[in-house]
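Encoded as structure tokens, the following chain is the form predicted alone, with no partner shown.
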Amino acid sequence: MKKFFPVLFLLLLFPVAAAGAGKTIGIPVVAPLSGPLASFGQGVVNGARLKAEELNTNGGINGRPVAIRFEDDRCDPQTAAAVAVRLASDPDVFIVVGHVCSSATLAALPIYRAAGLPAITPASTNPAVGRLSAIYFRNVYQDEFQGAFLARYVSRARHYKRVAILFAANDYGLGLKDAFAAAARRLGLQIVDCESCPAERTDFRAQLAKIRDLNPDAVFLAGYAPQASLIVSQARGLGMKCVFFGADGLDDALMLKNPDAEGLFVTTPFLADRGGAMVRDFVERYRRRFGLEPDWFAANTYDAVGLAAAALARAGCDRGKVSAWLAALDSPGNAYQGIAGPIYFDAHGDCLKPIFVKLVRHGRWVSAADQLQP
């Protein structure tokens, strides 16, 4: 994938309009801005920019302008840890928005925890994130929920009986695979094969030929879009006509560019046509500002930056007080109202969000006709 940010940009604060007197309040936003998953970062950056502009137009945080500080972790655990050390040691950082990939989040988490630095991930879904730190929050559902939902969806909405699994050998892929397989067993779905896909592999034809001969109704791709796109194309080259599906890691414009991905469906926490006036306003402003359709990374980051700003406005620039304020959002009655749904947390910092299904149709994402809510 193309890198769309110059390296020097990563060290700069996002320029903001004047929002009142006083020193700026920085909110670091950490995402893959380069590397194989850089496409995820585009929505993250755009969502953060849009919210920062909105905040500053309305006076910033208690009269102080907001500055977004973008950091690149490449979705790589070692890089993520280095970024976390830098942010945790900065006395002017009181909350972090990020990271995006589960492996990067899990690498950064103990560093933030040791420093008492709260963080909000808009995208990391591995179940361990909330359980390992009381000050790491997320405004996205987790893999146990997402994987179980997909098992129910393919069984009850699609009426599939036999499914194969190809899973990425990382924290995200493993979490999804385990959750899906456990729910599938309870529902009576037959898992005809389950294959691991190491990150460095690019040829999956031997595994796919084995799956083809088992004739499944569908194949679950538990991983990220770059690898999944290769798998789908190689499968079609082998004559496989079964349906492919996945979770939110496949919700990427890369899939729209691949004609072999036609019919692929995925879970997503955000659909532009499933919201009310707040969502319509967000979508229109996003289109005008960037000339693009907002993806769920943009929507969730927009909400995460807004939530971080609300915590700083209410609790002040104090890590402990910010953590406590976020933890107190513990019910629908005191939730932060985001455009991707209300945000409130359980004792692990996890939240329950709506989950939707969309599919690739003629090079575009469209809402699935059959939606299934828990």
Partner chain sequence: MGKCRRPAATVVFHSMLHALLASSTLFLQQLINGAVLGGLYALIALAYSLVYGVARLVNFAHGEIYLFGAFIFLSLLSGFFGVVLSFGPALLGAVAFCALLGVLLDKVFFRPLRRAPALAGLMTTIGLSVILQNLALLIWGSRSRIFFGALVPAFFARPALQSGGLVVSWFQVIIIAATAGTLAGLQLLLYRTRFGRAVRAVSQDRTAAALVGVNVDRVVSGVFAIAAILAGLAGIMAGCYCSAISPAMGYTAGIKGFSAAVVGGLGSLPGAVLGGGICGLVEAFGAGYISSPYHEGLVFVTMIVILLLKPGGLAGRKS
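Residue numbers count along the first chain shown, from 1. Everything numeric in this text was worked out from a predicted model, so none of it was measured.
One more form of this protein, predicted in complex with its partner chain, exists but is not displayed; see below.
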For the chain seen here without its partner, which of 321-329, 30-38, 47-55, 342-350 has a heavy atom within 4.5 Å of its partner chain in the model of the complex?
-> 30-38
From the list N215, Q190, S196, Q78, which entry has a heavy atom within 4.5 Å of its partner chain in the model of the complex?
-> S196
Of L230, V243, L132, V93, which one comes within 4.5 Å of its partner chain in the model of the complex, counting heavy atoms only?
-> L230
Interface membership of T202, its partner chain in the model of the complex, 4.5 Å heavy atom rule = yes
Applying a 4.5 Å heavy atom distance criterion, does A209 contact its partner chain in the model of the complex?
-> yes
Is K257 close enough to touch its partner chain in the model of the complex, meaning at least one heavy atom pair within 4.5 Å?
-> yes
Heavy atoms within 4.5 Å of its partner chain in the model of the complex: does G237 have any?
-> yes
